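Just one chain is shown here, as structure tokens, and it is the form predicted on its own.
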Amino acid sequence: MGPDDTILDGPKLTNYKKDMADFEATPLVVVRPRLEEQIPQIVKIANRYNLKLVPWGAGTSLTGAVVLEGGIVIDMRYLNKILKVDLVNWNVLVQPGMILDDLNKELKRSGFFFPPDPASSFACTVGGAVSEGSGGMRCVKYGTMRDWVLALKVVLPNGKTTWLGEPLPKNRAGYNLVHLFIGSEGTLGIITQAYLKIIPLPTVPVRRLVVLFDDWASASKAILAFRTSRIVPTIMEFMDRENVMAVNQAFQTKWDEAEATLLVDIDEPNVERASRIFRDSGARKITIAKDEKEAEELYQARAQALVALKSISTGTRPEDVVVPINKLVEYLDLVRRVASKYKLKIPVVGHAGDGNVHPVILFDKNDAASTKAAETAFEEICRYAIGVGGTITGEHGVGSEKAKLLVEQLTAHGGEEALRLMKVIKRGIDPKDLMNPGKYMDLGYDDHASSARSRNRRLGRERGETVR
């Protein structure tokens, strides 16, 4: 690495102090390796001198997972090549710095694609998306990153390199260590290569619909009706009025500003039946994108919703709890009540088709009372999800933001032994706690588990629910 690839101070270092949700920490140094062989060398040096370290993809994390105080940030952006495309075995071998949209542009030339599509796919990297276990708009049909990773080459905290998994459709040899690393947020090692499953581009034409509703209840009714219709959309995205207004303001677009908007991709043979479901549920207007250009513009309006909201507020807390889909109406009502209770704006956007809806808490980060209200609202929304059998995170991850709440969720859902095992795994792989410390598994188990048990039992009694 040359002098430009080692950053100790100055404006360039500032670029690595914040993630996309403005969680902040100051690294000791940023290194930008240009060869894969340099990664084990960096890790061995860190191990020798007990230096903390974390890999960095594009900084699009929303939970503080990629910022590290006083440690080594390893920027993987130069390791961004496609190493092999296998059109017989339907997989691709890539380096971790490859941007997801760039990967799909290359695959499209051969008639293939990689389905997972986080909203930040225009910027986020393969390594970051695997480490975060990312989701996206097409999850309702295709699943998350966890469903599309076959094998990983990783550098462990001791500096040794190993392959996990096999680039095969089936492999039952050994524990599934690939899935252990997916979503581990850089706490177990550094991904240097990944075998990903790919599939041919759909041959059935897909139509993009924009469906407008005058109230959230009607939109929720349509979502539930879809679940019982056995129609599987490719995407089913929800946006409320405030989100659409923010997109229009930020990007000078002129989308209809309805109280609730669904953006839905449907196989063409099912469009008529889908439209009938929407009309029967109270849709005010149904528009079908007239061509691919308009369809892409609609997609980008949804993908850029968080960017638009960040432009109208000094502080944002983008959350991603998941609730059982039959609790979706109740959940949306809760978000409105929480917003009113704490005098906050909480626009809602997200993946309505799988119950992963994102309330984005807007607040004034320069005002202590507003910041405290946002924190309290965030915790109340997460604890509601725990109480109804949901999860605190569907795709954003844990990071430093939700480490305490992870303990609460596992404790409430009978997962105390799972939590203990996670800590055993972390200590076994990273005994010095060098890999992204302070994230995910950093909390003391006994104290937080005990307080979590008491809190969740109390919440369950208040709601008249049985807490597992």
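Everything numeric in this text was worked out from a predicted model, so none of it was measured. We number the residues from 1 along the sequence you see.
From this point on, the text means the form predicted together with a small molecule, which you will not see here.
- Every residue of the trio S134, G186 and G189 has some heavy atom no more than 4.5 Å from the small molecule in the predicted bound form.
- Stretch 305 to 313 is the contacting one of 366 to 374, 305 to 313, 260 to 268, 103 to 111, since its residues have non-hydrogen atoms within 4.5 Å of the small molecule in the predicted bound form.
- Taking a 4.5 Å heavy atom cutoff to the small molecule in the predicted bound form, the contact residue among G71, P118, G390, G165 is P118.
- When the small molecule is considered in the predicted bound form, L362 lies well away from it, no heavy atom lying within 4.5 Å.
- Put simply, I386 is far from the small molecule in the predicted bound form: not one heavy atom of it is within 4.5 Å.
- The small molecule is not shown here, but in the predicted bound form it comes within 4.5 Å of a heavy atom of G59.
- Although the partner is absent from this view, V247 stays clear of the small molecule in the predicted bound form, with no non-hydrogen atom inside 4.5 angstroms.
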